[in-house]
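Read the single chain below, which is given as structure tokens and is the form predicted on its own.
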Amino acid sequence: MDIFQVVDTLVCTLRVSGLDHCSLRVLRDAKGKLQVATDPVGVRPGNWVFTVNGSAGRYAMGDAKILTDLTIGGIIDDWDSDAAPV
């Protein structure tokens, strides 16, 4: 699991069938690298989240047929982001 900050929603009108109806979010790690994750939680830009990656990401979506390897597992309610290693 990793910690990211949500940057924005990613809008894709044409997708492969394994990503139909999945909300996508752009995430930034502590070093500034951007990644895209599926979002079964309903996060907002600015939220700090933890993610589930690898094949476990599909199970975190509730359906192993969804084509993802990075899924938001939850919103972090209380965390000192200044303590994050860079």
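One-based numbering along the sequence shown. Here the structure is a predicted model, which is why all the values come from computation and not from measurement.
There is another form of the same protein, the form predicted together with a further copy of the same chain; it is not shown, and what comes next is about it.
- a further copy of the same chain is not drawn, but in the model of the complex it has no heavy atom within 4.5 Å of residue 44.
- Not displayed here, a further copy of the same chain is kept clear of residue 6 by more than 4.5 Å at the level of heavy atoms in the model of the complex.
- Along 1-21, residues 1, 2, 3, 10, 11, 12, 13, 14, 15, 16, 19 each place a heavy atom within 4.5 Å of a further copy of the same chain in the model of the complex.
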